[in-house]
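Form predicted on its own, single chain, as C-alpha cells, below.
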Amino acid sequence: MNIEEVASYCKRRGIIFPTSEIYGQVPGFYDYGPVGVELSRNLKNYWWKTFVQDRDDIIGIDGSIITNPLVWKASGHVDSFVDPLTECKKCKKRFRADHIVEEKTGKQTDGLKNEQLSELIINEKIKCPDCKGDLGAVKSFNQMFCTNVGPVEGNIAYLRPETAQSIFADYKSVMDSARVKPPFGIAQIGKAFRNEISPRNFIFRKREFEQMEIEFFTKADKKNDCLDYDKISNLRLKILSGEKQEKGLSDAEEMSIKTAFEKKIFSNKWHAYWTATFYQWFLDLGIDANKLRIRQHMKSELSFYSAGTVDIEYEFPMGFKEVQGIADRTTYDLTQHQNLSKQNLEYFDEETKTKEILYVATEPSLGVERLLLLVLFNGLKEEPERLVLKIHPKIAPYKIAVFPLIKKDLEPKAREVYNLMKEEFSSFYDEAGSIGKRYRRQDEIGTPYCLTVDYDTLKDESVTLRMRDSMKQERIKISELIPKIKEAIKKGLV
C-alpha cells in the first residue's frame, strides 16, 4: 500500500482524520479518531512501561509546552533551528529545497549547505512543482512557532520544537528531588511543534507531533562504562556507515554491534547499547528486520551539539526514512543552560568530592506518529478477501470484539460476555451486519480476538473464540476466557 492508500484507510477506519476538515484541511495537522487514539495511547504506554516503569535507571517528567524563551536561546534554536527554503519566482509558493532536490534527482542532500542546494537546483534545471516557474536562491527558514504570553503585546514565547530542552531546564529540580546518581536517564512523552515549510507524506512530517525521548546522563569519563554492553554486543543489524555515504554508496552492511563500535559507528558504548536496545524493541513489536537499518550521520550533517548520531530507519514506500534518532549530545545543553541561567547545574560526587557537568551519552528520540505509521505499514496485509492489520496484541486498539450471532434472543448473553471482558481488556461490541463482515471490520483495525455468542452458548456457557491472523476458531468456556486471552496476549498468539 502507498501513503495515499494508508491515509484513506486511516480515515475510513477511524484512525486518523485531517484536522477541522469540514472547514478545509490545515496542512500538517491531524486528529486521532476512536481507533487511532487507542492505538497511539497503547504505543506510548508500552514505550513508557518498557523504558521507564520496568527500569531502575530511568525516571520521568512531563514538561510544559511553553517555557521561558531563554531556554531556546541557550539551546541554539533561536539562532540555528532552520530548514532550507526556496521560493518560486512566478507563483510565490515556498518549498523545502532539500526535499525538492531529492525528489527530482534521487540524490542524497543530507549535510548540503544552502549554496550547494541552490547550485543543484540550477544545474539540474529543477522547476516549481506547481507552476513550473523558476525557483529562487535557497535561504534559511526558522521553524519556531511564536506566540504571545499574557495581555501585554511583545511578550514573545515559543511553542517548543522538541521535548529535550524541558528535561535540561528541569534538570536541577529533578536532581534535587529524585536523588539519582549517574548513569541515569530522564524520560518524557509530549507534544512538539515545528513550522514545517512543506509537511508531507501524511503524518510522517507534521507541524504538531509527539515525541518520546530519553536523555541519558553519565560522567564524562564513564561514557564507555556500560555494564550491559556485552549483552548486546553480538546483536547483528544492517548498518549504513557515514563513510559509505560520503563515497556515494547506499547499501547497508550487516555487522554486529561490537564491530560497529570498533568502526566508530557509535561514539560511546552507551550510544551502542541504546541503539541496540531500541532496535530489539522494534523487533519485539513485530517489525520486519528486513525493512530496518541503522544509518550513521555523516560528519557534514551532524547537529552542532552532537558527537555522533545514528538513525533507526524503516523502508517505507517512499524509501528508507528516519523513525528514531539516537544522538550523543555531550555536555553541550547543560553547559549552555548553566552559562545563560547562572544556575549551578554541576553534579556533585559525594565519593570523590568533585563537581562536573554530566555528559549526555545518548538521547533516543522517537516520534509517536512515525512509529504509528511504521506499525501500520509493517502490519497491513492485503490477503484474498480481506485487509488485515497484523500487529502485536499488546498494542492493538481493542483486544476483544464480542458478537451475538443473531441480535434477537442473544443480545443479553452477548452483553453479559462483553461486560465481563471489558473489565479486563479494551473491548468492542458489534451486532450490525453478518458475522463475516463483523470479522472483517475487526481484522482491519487489528483486533486479535473475536468472541461469538450463539444459541449453544445459552446451553453450555461456551463461546467461539476466533484468532485474527490464523482465523482459527475454537469453543471455549466463558469461565476460561480471561486467563486464556491473557496468556495469548503475553505470548503474542494471534
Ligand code: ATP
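Because the structure is predicted, anything quoted here is derived from the model rather than measured. Sequential numbering from 1, following the sequence displayed.
Quick note: we don't show the form predicted in complex with adenosine-5'-triphosphate (ATP), though the next part is all about it.
In the predicted bound form, adenosine-5'-triphosphate (ATP) sits within 4.5 Å of a heavy atom belonging to residue 203. For the chain shown alone, residue 416 is not a contact residue for adenosine-5'-triphosphate (ATP) in the predicted bound form, no non-hydrogen atom being within 4.5 angstroms. The shortest heavy atom separation between residue 325 and adenosine-5'-triphosphate (ATP) in the predicted bound form is within 4.5 Å. None of the heavy atoms of residue 373 is located within 4.5 Å of adenosine-5'-triphosphate (ATP) in the predicted bound form.
Of the candidate stretches 151 to 159, 178 to 186, 253 to 261, 208 to 216, only 208 to 216 has residues whose heavy atoms lie within 4.5 Å of adenosine-5'-triphosphate (ATP) in the predicted bound form.
Just one of 194, 269, 392, 399 comes within 4.5 Å of adenosine-5'-triphosphate (ATP) in the predicted bound form, counting any heavy atom, and that one is 194. Taking 118, 166, 241, 365 one by one, only a single residue has any non-hydrogen atom within 4.5 Å of adenosine-5'-triphosphate (ATP) in the predicted bound form, and it is 365.
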